[in-house]
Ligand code: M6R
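Before any questions on binding or motion, here is one chain by itself as structure tokens, the form predicted on its own.
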């Protein structure tokens, strides 16, 4: 959600900024812009739409007058103010320029006060108050550093900021609070780079600081000054292989096919013989845990809901699943005997991060399940388990859900054994099934081809029901979400048994039912629910290892010995089905409209 880049160095600043913004496209955006300056000249380019539009616009710049320039760039996902060139970043004052991720919660009050002091605003954004506030304080104190600090101190909300000014054309000021920001030393001597994630920095830098909340500073050629001592230098990965599609049409397709490999990475070192091992949790007193709260948003919420069945079934621990955006405002009962587990692909999801802070403040033990090391959540929580899914560039999550579900399954068994709530034989059966997951996740050509052929029949109608029972209910929710995200078709996930409690009133031939019918989990019950829909003329697409006579379309999965292996088998089908429907509709699968990869604002 939004992306920031910044550069100080001897290279062509425009090219560095554009390359960095391209690496951030996967986060989702609706406009983009850059500002480049040296002691004599300043150039600003902003566009609505794709970065390719920005590339065309910057061709009009006179690069010869921008030698030794510094610059800042941004991809915007609209929060305050509609998508437009005027609302795109960077935002300008009389002599300063700013890019910003996050939300300034008190911008209206600040704007009114600044307007009364004579400042003129030209955009609808909250971001513009930052540059005017900075200039107001600079005019009062004539000190750039103090003006920046004072401006930042008056901002409320979650934000990361880069600011440069004509009065100090060699400097870029930076600050981070609740929205990620990385500062790096470039490989070329004296270079300094900035980004909202480390992806744009790979290959350009080796040493980075993942800024903590409340840390800011100022950088110039060959020098980075932090305003506090709360920072640590880390080493950056060196490979950019993740950016290649390897012959696939879309990153999402590539990532669906990668799930077998990442499942192997996810379980590596965590299955030892007939035991589950989490070295990360060595200091966690599992016996003292009386309840678990699982908290997440979106796809991660679905993995949490799935896990609630496993924790209660296998580990005999009471579980409550919370949607983070609701949890934050319900005045929840937080007991110190509760383990609070936050789940997030990025580790930066705003609502989940704030919920985690609430749990920490209440004194709960906290655990984060995340894909990104050095993220805000991994640094904040008491314990962290990385899913090892690798970088996921498709906005619609695939690998993240798969590996989160796998980690949570292993975690339920880890707890079950420590609490002595599972027999040795049952644990061995579960671990045997776990070992089969990477093989189960291999995409079969016949399944992909079947989904490709069927897709053309599911491009109309007035909606989809995805239905399932037990852990297949959260999987139905996830299947419906995937289809909505990338095809823009209406879809809902339901527990199969809830059909007769209202939703079945919608059933007719233009309502498509995607029925999840595993052999090893309540097959007969689900079959009865599907028969009720079929009797009311709903079009049925059944996904099952068992033939179903009433299905209009049937996708046959392999017979498995364990329902969780069926879970992962059907997951692949749902992902590919959504992919192929979206492709048939001509949509941009990797960057669906109105969505962003990391929701870092409330």
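Residue numbers count along the first chain shown, from 1. Since this is a predicted model, take the numbers as computed values, not measurements.
There is also a form predicted together with the named molecule; it is not shown, and the following applies to it.
Among heavy atoms of residue 344, some come within 4.5 Å of the named molecule in the model of the complex. Looking at residue 87, you'd find every heavy atom of it more than 4.5 angstroms from the named molecule in the model of the complex. Although the partner is absent here, residue 144 sits far enough away that none of its heavy atoms falls within 4.5 Å of the named molecule in the model of the complex.
In the model of the complex, at least one heavy atom of residue 481 sits within 4.5 Å of a heavy atom of the named molecule. Comment: 393 to 401 is the region of 463 to 471, 393 to 401, 96 to 104, 439 to 447 lying near the named molecule in the model of the complex, near meaning a non-hydrogen atom within 4.5 Å. Note on the partner interface in the model of the complex: the residue among 127, 387, 179, 349 having a heavy atom within 4.5 angstroms of the named molecule is 349. Put simply, of 375, 366, 299, 308 only one has a heavy atom within 4.5 Å of the named molecule in the model of the complex, and it is 299.
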